[in-house]
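So this first bit is one chain, no partners, the form predicted alone, shown in structure tokens.
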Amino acid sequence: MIVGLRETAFAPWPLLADAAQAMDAAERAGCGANDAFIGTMRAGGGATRVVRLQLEHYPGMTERMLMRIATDTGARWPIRQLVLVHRVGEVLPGETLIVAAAWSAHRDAAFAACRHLVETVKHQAPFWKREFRADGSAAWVTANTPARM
């Protein structure tokens, strides 16, 4: 299991490769499915185009929440490996915000677990986002309504 925060830009693919390689040969051979979600910062368009995002978090609490979400996900589905890594600090358009991935024997479990990771982080993890826009304005992003799972 790879869970944590990143304070600088990172490429998601090496992280996913590291997670796959961390499994022993028998675990890898038993995985018929892997589902991965890579969320990136989008800029939007026009005067409200976002030029950067500041992601604040509650140190210690955020890491514990991510670990709890990962552990709960592993208990809920037959997952053999998972990744849950989230970005904090200043993020620019196109940079990775979150990587969530699950490996399982079957695709249904991998799909469900990966979606659960993303949705639960979005609605429960203590992150605060402030958008800085092309027109010079800035605003805190309000929480979204929880998605159906």
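If you're wondering where the values come from, they're calculated on a predicted model, not measured in any experiment. The first residue of the sequence shown is number 1, and the count goes up from there.
As for the form predicted together with a further copy of the same chain, it is not shown, yet the points below apply to it.
Residue contact check for R115: one or more of its heavy atoms lie within 4.5 Å of a further copy of the same chain in the model of the complex.
Using a 4.5 Å cutoff between non-hydrogen atoms, Q21 counts as a contact of a further copy of the same chain in the model of the complex. Taking the partner from elsewhere, N34 is found to have a heavy atom lying within 4.5 Å of a further copy of the same chain in the model of the complex. When contacts are judged by a 4.5 Å heavy atom cut-off, M67 does not count as touching a further copy of the same chain in the model of the complex. The partner is not shown here, but in the model of the complex the stretch 2-32 reaches within 4.5 angstroms of a further copy of the same chain through a heavy atom at W13, L16, A17, A20, Q21, A29, G30, C31, G32.
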